[in-house]
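To begin, one chain is listed below as structure tokens, in the form predicted alone.
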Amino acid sequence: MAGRLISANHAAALAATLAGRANRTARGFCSGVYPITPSTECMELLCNQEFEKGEVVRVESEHSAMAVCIGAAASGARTFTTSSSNGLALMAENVVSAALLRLPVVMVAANRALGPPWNLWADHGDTLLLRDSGWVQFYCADNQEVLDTVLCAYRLAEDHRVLLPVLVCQEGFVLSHTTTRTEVPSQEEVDRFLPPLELPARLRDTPRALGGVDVPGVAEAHRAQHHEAMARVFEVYREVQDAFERELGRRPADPVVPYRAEDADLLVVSMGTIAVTAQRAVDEARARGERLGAVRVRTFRPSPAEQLAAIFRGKRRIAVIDRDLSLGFGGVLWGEVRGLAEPGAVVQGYVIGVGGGDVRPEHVAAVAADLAARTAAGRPVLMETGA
């Protein structure tokens, strides 16, 4: 294990490289890539890597990048791609195809607002656009978590009880271009953690067709199987955490991460880097004698509803901060978790930092103050950060 000063983009690329090389005794590695800010640095570094068995394929669009991954994964190769914003929207057709074909593709998204008007900065709306596509979704809080989550994603995706693609989300520029000290494991450590991929029913020399027609009854069975696989993710992920800790010496974060929440009068729920800011705001509030707590949702799909409901038990005021906006509705995370609180609880939605506004501890403090003054939840509050 070596500490390196790298960005989250480079952390993701190094993790994919290590995972790809770990499959050299099986079908190797393949990545389809197409540049789009702010994920381009990830693919640029990946293109400069050498693989004993594998290739990085430069294509003409994001749609084709995922198509390369689909073909390679179907043949049993370990696969990877990265994209962002409108690039994710362009590849959406193939994103769904990869999931419904039950292919263990891993993709890193550098979250960025969709356009036009064009905006290059952080917004979770691009990956939440894909929330119903059948991919497991993780939202990361720092560069180390990006690297570790990519490695965990392969072991999770390739487990025969799951066999689902995994989307690892990191916020554009906030993480993608920010350098921090990150522990990078050795190839030997990754080899021990990631066994060679053995994909059931992979394409071989005998010609086979993928993606034929499902009559209604068969389609129902396939969707049920897919749903059951999603339901197994948390159980398998705990085993992945155990293996990662055993082989690499640190434990990846749980699907839901509470912070000083047990005795809190008010809870602030969020995803990604806003959750780190919320923890600082909690510490500052505690120093003033206010019992504020925070909850970070790390796994958005499958939905960690049971874990959140347990944390919400007995809580009367809950703020949900979204870095996205479902127009005409409100924040997506708020929409998903507001029904998990006990009857009578005030669960208020707040939308902050859409399009990359800088979310600071004082914004979280303002959210807490607004929530404390409420006797009932109202329409989602769209807050401007002035950044």
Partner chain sequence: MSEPSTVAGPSAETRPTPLLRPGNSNCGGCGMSSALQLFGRAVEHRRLQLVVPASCAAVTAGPFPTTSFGVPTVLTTFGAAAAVATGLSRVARLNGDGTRVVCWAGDGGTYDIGMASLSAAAERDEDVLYVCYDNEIYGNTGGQRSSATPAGASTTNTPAGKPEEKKDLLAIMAAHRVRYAASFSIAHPQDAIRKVRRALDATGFRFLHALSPCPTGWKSEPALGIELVRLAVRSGLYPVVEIVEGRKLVVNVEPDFSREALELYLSLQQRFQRSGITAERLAPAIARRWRELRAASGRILPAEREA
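Values in this document were obtained by computation on a predicted structure and should not be read as measured data. Positions refer to the first chain, counted from 1.
One more form of this protein exists, namely the form predicted together with its partner chain; it is left out here, but the text below deals with it.
- For the three residues L100, R131 and R232, a heavy atom within 4.5 Å of its partner chain turns up in the predicted complex in no case.
- Interface residue remark: S75 is counted as part of the site for its partner chain in the predicted complex, having a heavy atom within 4.5 Å.
- At the 4.5 Å threshold, heavy atoms of G71 reach its partner chain in the predicted complex.
- Using a 4.5 angstroms threshold between heavy atoms, C30 counts as touching its partner chain in the predicted complex.
- Although the partner is absent here, E50 is not a contact residue: none of its heavy atoms lies within 4.5 angstroms of its partner chain in the predicted complex.
- Note that among 59 to 67, 345 to 353, 329 to 337, 315 to 323, the stretch whose heavy atoms approach its partner chain to within 4.5 Å in the predicted complex is 59 to 67.
- Proximity to its partner chain in the predicted complex, defined as a heavy atom within 4.5 Å, holds among G211, G249, G115, P196 only for G211.
- Contact with its partner chain in the predicted complex, judged by any heavy atom within 4.5 Å, is made by just one of N143, N94, T273, Q137: N94.
- Contacts to its partner chain in the predicted complex (heavy atom within 4.5 Å) from stretch 202 to 241: L203, R204, D205, T206, P207, R208, A209, L210, G211, G212, V213, D214, V215, V218, H222.
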